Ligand code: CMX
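In structure tokens, the next block holds one chain alone, the form predicted on its own.
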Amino acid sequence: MSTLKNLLKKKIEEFRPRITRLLKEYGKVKVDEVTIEQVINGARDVKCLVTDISYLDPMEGIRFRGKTIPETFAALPKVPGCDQPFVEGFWWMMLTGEVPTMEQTLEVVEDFRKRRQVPQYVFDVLRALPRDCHPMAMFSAAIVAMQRESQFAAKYREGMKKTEYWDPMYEDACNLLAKLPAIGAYIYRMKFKCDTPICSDPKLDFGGDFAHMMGIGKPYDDVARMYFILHSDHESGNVSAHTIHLVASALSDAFYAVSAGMNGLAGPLHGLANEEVLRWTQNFMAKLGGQEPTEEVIRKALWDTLNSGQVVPGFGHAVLRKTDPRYMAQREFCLKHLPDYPLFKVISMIFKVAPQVLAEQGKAKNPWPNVDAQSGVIQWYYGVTEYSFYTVLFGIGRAIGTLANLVWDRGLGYALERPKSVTTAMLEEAAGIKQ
């Protein structure tokens, strides 16, 4: 058993009594109240999910295992000669809550190398799909096609103790995660680069190998590492994370669950937001007609946008009450590597001007930019100009946090998720307006 898996086993066994005690001794303690508004509006802010992997702090942004984004990037071992950390080290931290040493990180790098080969039938499935299929449909299909490889499903059929569920789920999680860069890059090269796939390089880490298979030189390897870590998790309530948790709560394996989560991520209100922001920004830039994006020019253009009844996409967040730290991490990368890129200069000035304009308008609760306001410009700069592929990049990253959650879900024996529904008449009766 690997060092990581041994440590994880120890932590799961130490954690279980906490859950048992909460259920047995404090199960009836109330932690929240539900309003009619929350019932109708998608259970927003209802505290009914548990995760120790990440937490969204309104003022500090996402915390990964208690660490802010700057703290996370500062703590993790970095790839030699690069600015960004190993994704494999981040995987260790997400599973255990501990920052790995370089030696421990390299152990995971080697483990993932052994797991990264994608079965040929997965590529056959992709090639059988019409080439005009959306990349996310391809990505989801490739993941669910590998369900036959599930060790969890096989072990469950054979019979095993509930306390052992986490072990084959861990194997499924590692096997699936290690393969996702190759699947994503294959889809990209097959669909957008004249069907010219590039083979994996066994000498490279998770992010470096993805950049290699995409056919993009340095520092795109650092872009990949940064992007995957930033998009890895966002609590359990977002559509992709919640879907994966929900499907797996039926003891479906990781392949079924993650494929389902990717289908949720593909929605315009979730993973497609970065595509919409970039498209809007490019159209906004075109309307400037080549003018230098000064503060005065951008301010007028933003007011013209708002006065015409449109919104400024990429600004505002359901939870955050400050600039998204994921935005700032990518902004820092842009300031270092592409400060004079015209599209970034426009985005940078929008970042400076938009919060004040939105505050003056008075309609936005949070006028600060979120991660989607920045991420597309970096991909565009490095030649990934196919909007529809951006959500696949998001999906590879999101798998990290959600798979870590699945391992812990099975380790702690969380139950089948089965909320109770009410009728509209019941809500009307509760409101005192029964028809």
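Start at 1 and count along the sequence shown; that's the residue number. Heads up, when I say rigid core I mean the largest set of C-alphas that superpose within 1.5 Å between the two forms. As the structure is a prediction and not an experimental result, all values here were calculated from the model.
Keep in mind the form predicted together with this ligand is missing from the figure; the text below concerns it.
- Among heavy atoms of D409, none comes within 4.5 Å of this ligand in the model of the complex.
- Although the partner is absent here, N370 lies within 4.5 Å of this ligand in the model of the complex, judged by heavy atoms.
- Heavy atoms of I298 never reach within 4.5 Å of this ligand in the model of the complex, leaving it off the interface.
- Using a 4.5 angstroms limit between non-hydrogen atoms, P119 is distant from this ligand in the model of the complex.
- Checked against this ligand in the model of the complex, the candidates P342, P313, P219, P197 yield a single residue with a heavy atom inside 4.5 Å, and that residue is P313.
- Contact with this ligand in the model of the complex, defined as a heavy atom within 4.5 Å, holds for exactly one of K179, H317, R113, R331, namely H317.
- The partner is not drawn, yet in the model of the complex one stretch among 288-296, 147-155, 361-369, 68-76 has residues with heavy atoms inside 4.5 Å of this ligand: 361-369.
- At a distance of at most 4.5 angstroms from this ligand in the model of the complex, none of the three residues R63, C82 and H337 contributes a non-hydrogen atom.
- Residues from 191-213 do not approach this ligand in the model of the complex: none has a non-hydrogen atom within 4.5 Å of it.
- Core-aligned CA deviation for Y227 between the shown form and the other one: less than 2 Å.
- With the core held fixed, the Cα of K114 is displaced between the shown form and the other one by less than 2 Å.
- In this overlay on the rigid core, N366 has a C-alpha that sits 2 Å or more away from its partner position between the shown form and the other one.
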